[in-house]
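The data below hold one chain only, encoded as structure tokens and taken in the form predicted alone.
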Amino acid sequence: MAFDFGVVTSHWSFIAQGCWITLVVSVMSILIAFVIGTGVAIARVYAGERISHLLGFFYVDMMRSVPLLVILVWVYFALPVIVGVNVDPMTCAIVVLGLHLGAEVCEVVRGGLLSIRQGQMKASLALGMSWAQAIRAVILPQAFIRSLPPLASIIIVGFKDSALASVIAVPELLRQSQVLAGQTFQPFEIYTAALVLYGGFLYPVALALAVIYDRYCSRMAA
């Protein structure tokens, strides 16, 4: 059987559009995840046991217990029936992916915060820092560095999970590949190109995150 990868080059602009949408959805959802996850982690560690329990149950545990695909489909197809407003597919994908990843970020950052000795917070307050300044300047940087390996994994997962947005017709890379494969009847070439593009992008990202971790760890050790 002969394979013709010329179909990929002849439709490159169509595939490139999917790559761009994948990048936008991934980056935006990861940013949302880090903002929400970090905020919830700080609240769970420093805002009292009751708030920690409520946030842990209603946000973290629920998000981690329900599959991402189920949440994505429910928000896009079922939520509009309740609120009476249609949801834009790309906005839906970014928000749902961000919230779902945020629960994972929360647990990782919370573990990093708990690994910092309480004396550092007391020392920061004794030096005249406010609670917020101590968190931002002293506690969080150390927690992020200690949590970098699992956080790097979450970033990679965020890029890979963006492919699930294809089920609600977001024109990201997998969706564009599906459309093109259906039009050209050359699924092997199209999906192989998508596989190479995902791997070619994410592998350097993983290497870069590993280098960043090694560099910061060496500085801390020094």
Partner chain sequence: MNFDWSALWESLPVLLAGVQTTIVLAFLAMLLGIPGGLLLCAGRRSRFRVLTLPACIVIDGLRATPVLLQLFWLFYVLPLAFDVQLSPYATALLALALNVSVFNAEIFRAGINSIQRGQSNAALALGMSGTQVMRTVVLPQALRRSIPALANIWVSLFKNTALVSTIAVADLAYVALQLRTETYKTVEILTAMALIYWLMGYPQAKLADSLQNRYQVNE
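Numbering follows the first chain given and starts at 1. Treat the numbers as computed from the prediction; the structure is a model and nothing was measured.
Although it is not shown, the form predicted together with the partner chain is what the next lines describe.
Exercise for the section: Please run the contact check for G39 against the partner chain in the model of the complex: heavy atoms, 4.5 angstroms, yes or no? Expected result: Contact with the partner chain, no.
Exercise for the section: Verify the contact flag for F188: yes if a non-hydrogen atom of it lies within 4.5 Å of a non-hydrogen atom of the partner chain in the model of the complex, no if not. Expected result: Yes - in the model of the complex, heavy atoms of F188 and the partner chain come within 4.5 Å of each other.
Exercise for the section: Mark V45 yes when one of its heavy atoms lies within 4.5 Å of a heavy atom of the partner chain in the model of the complex, and no otherwise. Expected result: Residue-level check for V45: no, no contact with the partner chain.
Practice task
Classify A194 as contacting or not contacting the partner chain in the model of the complex by the rule of any non-hydrogen atom within 4.5 angstroms, answering yes or no.
Solution key: A194 belongs to the contact set for the partner chain.
Handout entry: Joint contact, W12, V24 and I155 to the partner chain in the model of the complex, by non-hydrogen atom at 4.5 Å
Key = Contact check failed for every one of W12, V24 and I155.
Practice task
Counting non-hydrogen atoms within 4.5 angstroms of the partner chain in the model of the complex, say which of I32, L55, L174, L180 makes the cut.
Solution key: Comparing distances to the partner chain in the model of the complex, the residue within 4.5 Å is L174.
Practice task
Just give me the residues of 61 to 77, first to last, that have a heavy atom within 4.5 Å of the partner chain in the model of the complex.
Solution key: Those in contact are D61, M62, M63, R64, S65, V66, P67, L69, V70, V73, W74, F77.
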